[in-house]
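There is one chain below, alone, in structure tokens, taken in the form predicted alone.
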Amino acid sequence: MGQILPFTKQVLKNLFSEPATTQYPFVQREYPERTRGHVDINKDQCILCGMCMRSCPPGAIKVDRAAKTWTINRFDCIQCGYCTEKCPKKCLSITPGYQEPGPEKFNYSVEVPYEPPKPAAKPAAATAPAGGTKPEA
């Protein structure tokens, strides 16, 4: 029987054992504890200070204050988490999981609704005459 049906033992084993694959789309995968994940931003807390851009070792993050955008190149990011430590507002975080694959490389860009505070109006200073002239009494 071993020479006639050499795969019989394996077929019977597979019929009565647990499936080797997970039910991915229906059951979310639990990532291992030390998985690095990817950098995510809470755009409502971001103040576009650029500390993340200056601290990013490979230069994957770009902050444009004029256009009010925060952009990351996922292929350049090494998921070191240094930007999340340097963010003064703690709006960056490492999210477990992977990005969805796509047909082309692209930069992930977010429009940040931050409005910088307007400078306070200067109080009207007492106008002292220049040149040391005394006001007449």
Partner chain sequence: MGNRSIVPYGPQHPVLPEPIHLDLVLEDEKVLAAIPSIGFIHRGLESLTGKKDFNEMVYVAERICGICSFMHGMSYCMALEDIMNVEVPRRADYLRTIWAEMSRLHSHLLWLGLLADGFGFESLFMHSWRLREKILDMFEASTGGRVIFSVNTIGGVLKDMPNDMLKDFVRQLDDMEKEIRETTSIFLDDYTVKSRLVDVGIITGEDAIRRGAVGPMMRASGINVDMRKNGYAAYNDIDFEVITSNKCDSYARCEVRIGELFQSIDIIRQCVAKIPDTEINTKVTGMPNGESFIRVEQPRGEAFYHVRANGTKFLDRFRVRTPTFANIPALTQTLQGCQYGDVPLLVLTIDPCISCTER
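Computed from a prediction, not measured in an experiment: that's the story for all the values here. Numbering follows the first chain given and starts at 1. For the two forms, the rigid core is made up of the largest set of C-alpha atoms that agree within 1.5 Å on superposition.
This protein has a second form, the form predicted in complex with its partner chain, left out of what is shown; the following refers to that one.
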Please determine, with the chain shown alone, which of 62-70, 42-50, 25-33, 105-113 has non-hydrogen atoms within 4.5 Å of its partner chain in the predicted bound form.
-> 25-33
In the predicted bound form, does Ala120 have a heavy atom within 4.5 Å of its partner chain?
-> no
Partner proximity in the predicted bound form: Arg54 to its partner chain, non-hydrogen atom cutoff 4.5 Å = yes
Has the Cα of Pro113 moved 2 Å or more between the shown form and the other one, judged after a core fit?
-> no
Taking the rigid core as the reference frame, is the Cα of Thr35 displaced by 2 Å or more between the shown form and the other one?
-> yes
